[in-house]
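Next comes just one chain, in structure tokens: the form predicted on its own.
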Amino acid sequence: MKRTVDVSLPIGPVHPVFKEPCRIKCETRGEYVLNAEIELGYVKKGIERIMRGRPWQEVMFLAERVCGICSVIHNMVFIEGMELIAETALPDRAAYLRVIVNELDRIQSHVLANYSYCYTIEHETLAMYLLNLRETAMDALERITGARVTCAYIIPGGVRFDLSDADARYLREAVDTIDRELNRFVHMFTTGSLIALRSKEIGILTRDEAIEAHAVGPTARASGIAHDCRLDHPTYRRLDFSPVVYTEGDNYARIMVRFDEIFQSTELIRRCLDRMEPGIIRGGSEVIAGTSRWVGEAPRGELTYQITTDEFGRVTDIGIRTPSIMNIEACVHYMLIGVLSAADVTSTYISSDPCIACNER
């Protein structure tokens, strides 16, 4: 009689569906996952250490390079942390422009996350449709900021470039296109029998487990936690929106949260365009010695910068807490336990939208 024994199943660090290298080590009985651990450290950059002792003008550019997929929010949180030290007043028009570029960045990040998931479960048609749609958001970012990835658009006291009437019309057309195309793709996702088979009731993270693991962002909201750091941001509070929340806590719910948040982001962009009045885009700002802690909602969840500066504008100390470390822990120690096949290990991991670049800054 054949006997099934417990085996160790290593996945990674190089794997076709991983955007970035890491190693997941699963203890299994057959393919049933009993326990899992993750091994990081393959792309350590040391950016936090490089930032210390440098003037804020250099640190601003380094912050964007913590992560190329969510570079705008790193730029935004660092600059707003500096503005908190300097007690800088922000013009209304600049505040709305910051929200616009941040939401465009959220759109492209969420689309990329859901592309990766669809590719992982072998729905390559929908995956490529989504990847093509991402270009609409990237093109809009480039039109406004002059760059697609590291935009350096947000500066102390405002933003770098204004939005012309022609750019505003282009942006409205872009978000209309995203809504129209995404409606079709979401229909494909919600009605696909393969997708349901590979997604529903797989990788479940309960609300209590999400709280215990300190999960954040879409990963937490898919488990019934209605927390979004944008609700604490002075500009976002004026835009009147509520977090997208699902309660199922499975792979399907995590992907649907991101789809719904894309629609939410396009609506926030429209509201900013409707409410923006002509005016200045840069106010005065002077960097002084001090310490600040500022939090923003990155595409993956809560992003925190703790900054200390001296009287010359040098960053003497900085600490960055990124959201993926909590979500990866939630995935490895809760979502993966009880997964029935090795194929579902990779799809569950990707459903948490891990960002190794953020973790290994």
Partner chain sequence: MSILQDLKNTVRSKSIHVCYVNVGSCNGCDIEILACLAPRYDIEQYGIYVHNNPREADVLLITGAFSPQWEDKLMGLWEKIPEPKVAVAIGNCPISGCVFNREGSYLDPPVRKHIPIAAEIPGCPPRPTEIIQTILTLAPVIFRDYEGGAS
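Values in this document were obtained by computation on a predicted structure and should not be read as measured data. Positions refer to the first chain, counted from 1.
Missing here is the form predicted in complex with the partner chain; even so, the following discussion is about that form.
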### Query
So, in the model of the complex, is L336 in contact with the partner chain at a 4.5 angstroms heavy atom limit?
no
### Query
Might M60 be said to contact the partner chain in the model of the complex, defining contact as any heavy atom within 4.5 Å?
no
### Message
Check R134 for me: does it contact the partner chain in the model of the complex (non-hydrogen atoms, 4.5 angstroms)?
### Response
yes
### Message
Does any part of V33 reach within 4.5 Å of the partner chain in the model of the complex? Heavy atoms only, please.
### Response
no
### Task
Give a yes or no on whether each residue among R143, E286 and W294 has a heavy atom within 4.5 Å of the partner chain in the model of the complex.
no
### Task
Heavy atoms within 4.5 Å of the partner chain in the model of the complex is the criterion; list the residues of 48-75 that meet it.
R49, I50, R54, E58, L62, R65, V66, C67, G68, I69
